[in-house]
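One chain comes next, on its own, written as C-alpha cells: the form predicted on its own.
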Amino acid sequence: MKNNFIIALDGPAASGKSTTAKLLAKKLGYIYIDTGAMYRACALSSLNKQISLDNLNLLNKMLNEIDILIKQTNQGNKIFLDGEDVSEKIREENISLLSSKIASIPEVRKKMVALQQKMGANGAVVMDGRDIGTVVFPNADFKFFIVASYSVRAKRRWQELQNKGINSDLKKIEEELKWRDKNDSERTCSPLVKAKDAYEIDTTNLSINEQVEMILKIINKER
C-alpha cells in the first residue's frame, strides 16, 4: 500500500492551513513544507537588497543567486535565507504584504515552483500554499482547500501577533486579509483557486485538532 503521499493544502491567509499542515505532517511522519515562507524569504531578500519589484533584471539576478533552505527541527521548520535564519523576520507584517506582491510576479513563481517540486518529488510530504494542488502538484494524492470567515481569520492573525508581543489593529488586519485575497485570487499567474478535485474544509468553527482529524479521516478512508 502506498504511504508516501503528496498532500496539498491550499487556501487564503490565516485560514488555518499552515498550523493544520504542520500537525498533519507530524501525525503522518511526513515532511512539512511551508511554501508561503519561501515567498516571504524572496520578499525579504528584495527588501534587504533594495530591489524594486518593477525591476525584473535585478529580480532575476536575485532569483539566480538566492539560497532558500527549509530545515526540519524539533522546534518546527526553520527558514534560512542565504545562510541566515530568518524564521522570525519573514513573519513581520511588512513582509506579509510584500510577499503577496512578489508572489504575483511570474519569474518569482517559476523559480519557487521548481524548488517546491524538487522538495516534494519523493512524496511523504505535506505542502501548503496558494497553488499547490493546481500548479505545483496538480496530481497530488490528496488536495484540501482550507477556508474560514474573515472575522475568524482576522482574530487568528491578531492573536498570533499578540503572542509575539506585537500590537495591531483588528479591523486593519481584516482589511489587509481582504486585500490579500483579492490580490492572490485575481493575479494572472497561479491565482488562488480551489482545485476541482480538492476537499473544502471550513475551519471557522473548528479547532486545529478537529481540522486535522477531519483531514485524516478522509485520507484513511481513501488510502
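One-based numbering along the sequence shown. Since this is a predicted model, take the numbers as computed values, not measurements.
Keep in mind that the form predicted together with 2'-deoxycytidine-5'-monophosphate is not shown, yet the notes after this line are about it.
- Arg109 belongs to the set of residues with a heavy atom inside 4.5 Å of 2'-deoxycytidine-5'-monophosphate in the predicted complex.
- For Arg91, a non-hydrogen atom is located within 4.5 Å of 2'-deoxycytidine-5'-monophosphate in the predicted complex, even though that partner is not displayed.
- Proximity of Arg187 to 2'-deoxycytidine-5'-monophosphate in the predicted complex: non-hydrogen atoms within 4.5 Å are present.
- Among heavy atoms of Ile146, none comes within 4.5 Å of 2'-deoxycytidine-5'-monophosphate in the predicted complex.
- Stretch-level contact analysis of 159-167, 176-184, 46-54, 64-72 against 2'-deoxycytidine-5'-monophosphate in the predicted complex, using heavy atoms and a 4.5 Å limit, identifies 176-184.
- Along 122-139, these residues reach a heavy atom to within 4.5 Å of 2'-deoxycytidine-5'-monophosphate in the predicted complex: Gly129, Arg130, Asp131, Ile132.
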